[in-house]
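First comes one chain, alone, set out as structure tokens in the form predicted alone.
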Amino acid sequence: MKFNEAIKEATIKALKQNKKNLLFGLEVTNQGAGFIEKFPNQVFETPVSELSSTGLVVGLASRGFKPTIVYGRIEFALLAMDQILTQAGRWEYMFGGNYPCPAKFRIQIGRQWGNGPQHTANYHSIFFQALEFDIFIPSTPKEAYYQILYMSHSSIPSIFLEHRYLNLINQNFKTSKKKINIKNSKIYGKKKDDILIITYADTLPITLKAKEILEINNIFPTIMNLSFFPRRNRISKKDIIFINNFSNILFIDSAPFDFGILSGVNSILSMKLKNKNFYKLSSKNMPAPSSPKFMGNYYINKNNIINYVTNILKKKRIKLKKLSFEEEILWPNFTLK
């Protein structure tokens, strides 16, 4: 199923499993969405007033419900930051840790042609400073599906950062009825060359495409994709031990690197690991442009990754084809292996 379909199917399953799982947001009651038809007493349309709607969700979470509120853009969620960070996030700390407030915040990240500077930021680092939340940033349909279900059972306030750029990515996977256990990261490839690429969310598809071309040319990078950041340990000890196997570590981010997620990961690793070479590829330190022409030069693409990896490993430069408009600008649309 596709990324957006996985989120929908998991949400339906969560609503079915527990009547205290509720869904709020703009347009969640639209006919054909599949929610209001099946769960008329659990799905609620909200007004264009994010602060008050979020306050309603936080209040319900403090009374034993597990509500999720959906924001169509992260910029809309910014209007509700007091309720998200100050109220939901700090609730149990105000009451000695025995009064949970398991509100769930599904926040869509709007990288997309035409969204320009106003609707393409991610602001992830704001949430990473909120140490009371579990944070989920899925990169694949399978991750999205199981993270939604995991959140629906959790008593911890949670933030689900949903990159719309991934909506058309397809993946075949089996849904399990067993207890849900999710991992902090997923590894792609085995260590053959001494380089580890660390990435997350919407940069995974292009990184995998770059990996395919590199392997055809006998260069074998390993990829670590980060997707779950628990509130107690954003980066797991297991991941740090794995990263220590590599001398060359390349961070790839679709957002500006400075003061972002991977910048924070880099700071942790640089203090814990010795004799490592750290590199980074990211968007420029400026808002995304509106023009498709300039947007193509703003985000990292697979050719950028291939060229940088060959430079790091001092390999012969690979002759690459010029990217098409579809590859450079439009949402990726392929099936993950």
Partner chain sequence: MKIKKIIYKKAFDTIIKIRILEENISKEFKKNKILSFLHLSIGQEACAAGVALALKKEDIFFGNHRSHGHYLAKGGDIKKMIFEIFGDERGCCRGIGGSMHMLDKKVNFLGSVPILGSAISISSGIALAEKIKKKSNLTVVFIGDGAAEEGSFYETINMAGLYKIPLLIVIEDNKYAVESDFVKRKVKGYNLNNITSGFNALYKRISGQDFKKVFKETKILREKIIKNQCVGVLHLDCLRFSKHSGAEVSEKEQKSKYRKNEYYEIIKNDPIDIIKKDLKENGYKKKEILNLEKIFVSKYNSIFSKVFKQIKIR
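Computed from a predicted model, the values in this text were never measured in an experiment. Numbering follows the first chain given and starts at 1.
Below, we turn to the form predicted together with its partner chain, even though it does not appear here.
Using a 4.5 Å heavy atom cut-off, state whether residue 49 contacts its partner chain in the model of the complex. The answer is yes: residue 49 has a heavy atom within 4.5 Å of its partner chain.
Answer for residue 87 alone: is it within 4.5 Å of its partner chain in the model of the complex, judged on heavy atom distances? Residue-level check for residue 87: yes, a contact with its partner chain.
Partner contact for residue 140 in the model of the complex: its partner chain, 4.5 angstroms, heavy atom: No, residue 140 sits far enough from its partner chain in the model of the complex that none of its heavy atoms falls within 4.5 Å.
Is residue 301 near its partner chain? Define near as a heavy atom within 4.5 Å, in the model of the complex. Residue 301: no contact with its partner chain in the model of the complex.
The unique member of 35, 279, 308, 65 whose heavy atoms fall within 4.5 Å of its partner chain in the model of the complex: Selected residue: 65.
Name the residue from 312, 56, 273, 295 that puts a heavy atom within 4.5 Å of its partner chain in the model of the complex. Filtering the options by heavy-atom distance leaves 56.
Among 75-83, 221-229, 257-265, 176-184, mark the stretch whose residues have heavy atoms within 4.5 Å of its partner chain in the model of the complex. Within 4.5 Å of the partner lies stretch 75-83.
May I ask you to list the residues of 6-37 that have any heavy atom within 4.5 angstroms of its partner chain in the model of the complex, in sequence order? 22, 24, in sequence order.
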